[in-house]
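Next up is one chain by itself, shown in structure tokens, the form predicted on its own.
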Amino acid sequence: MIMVEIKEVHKSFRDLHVLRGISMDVREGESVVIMGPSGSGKSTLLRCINYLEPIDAGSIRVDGELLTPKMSTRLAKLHKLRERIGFVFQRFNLFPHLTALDNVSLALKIVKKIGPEQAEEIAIRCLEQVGLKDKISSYPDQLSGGQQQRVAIARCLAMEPRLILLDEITSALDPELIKEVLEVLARVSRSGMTMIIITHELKFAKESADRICFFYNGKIIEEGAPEQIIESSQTAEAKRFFQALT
């Protein structure tokens, strides 16, 4: 089953043409890594998939739902779609006045209308899944950056999304904290979750991605198996990019 179907998508911000005819499919259970230089359109595409940015042309279908410019006027339908899509950002976006447990359980209670007791049970299970059961009563400023990002992942998992979008979630972390977050992502990937991941972490991409899409200047210029793209790039742009990372 195709979870995400993207056809000839264009997106501009005034005179800046960011996405220039992007087409790609993501199958259910697949982990697709998007790589490419800064400004190539990677984050913009994720925001379009979650309808944080409407597209200008082309089409995106997520879990059978066609995204159109009119979606913005059909808020109930848009909210229902977003319940099926998890989004983990570069910054952790945790509520500083809430504990890890409350950060994870809040959306369950407000969005899914789950009772407090059941919501906390789910939150504890998800925090345990990311290795933070002993931190349920800790506030964000009592956690390391890696721990905060794992709380953000647990919050996403608690909503039981059909698709998870992850936008360079290790870019704000110190090098020693990156490994713990990538280990959690690898476990989530092995569980069969459908994921689209923007990252520059080559080892993670080789070990956990089913496919890499290489973006350059708003287009996908290479696509294929991780080792093929990383080690045997066909374009000069991809070769330069991967040589700079190794």
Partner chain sequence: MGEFARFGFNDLLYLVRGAYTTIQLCGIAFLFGGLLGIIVGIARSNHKITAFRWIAGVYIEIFRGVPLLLQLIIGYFAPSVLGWDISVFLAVSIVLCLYTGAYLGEIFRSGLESIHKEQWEAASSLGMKYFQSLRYVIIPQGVRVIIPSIIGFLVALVKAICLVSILNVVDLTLAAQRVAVRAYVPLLAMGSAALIYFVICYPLSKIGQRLEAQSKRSEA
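Numbering follows the first chain given and starts at 1. Because the structure is predicted, anything quoted here is derived from the model rather than measured.
As for the form predicted in complex with its partner chain, it is not shown, yet the points below apply to it.
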item	value
Contact segment among 124-132, 143-151, 109-117, 168-176, judged by heavy atoms lying within 4.5 Å of its partner chain in the predicted complex	109-117
Heavy atom within 4.5 Å of its partner chain in the predicted complex - residue from Arg27, Lys206, Arg47, His200	Arg47
In the predicted complex, Arg162 touching its partner chain (heavy atom, 4.5 Å)	no
Its partner chain contact in the predicted complex: Leu52, any heavy atom under 4.5 Å	yes
Partner proximity in the predicted complex: Asn93 to its partner chain, non-hydrogen atom cutoff 4.5 Å	yes
Contact of Leu101 with its partner chain in the predicted complex (heavy atom, 4.5 Å)	no
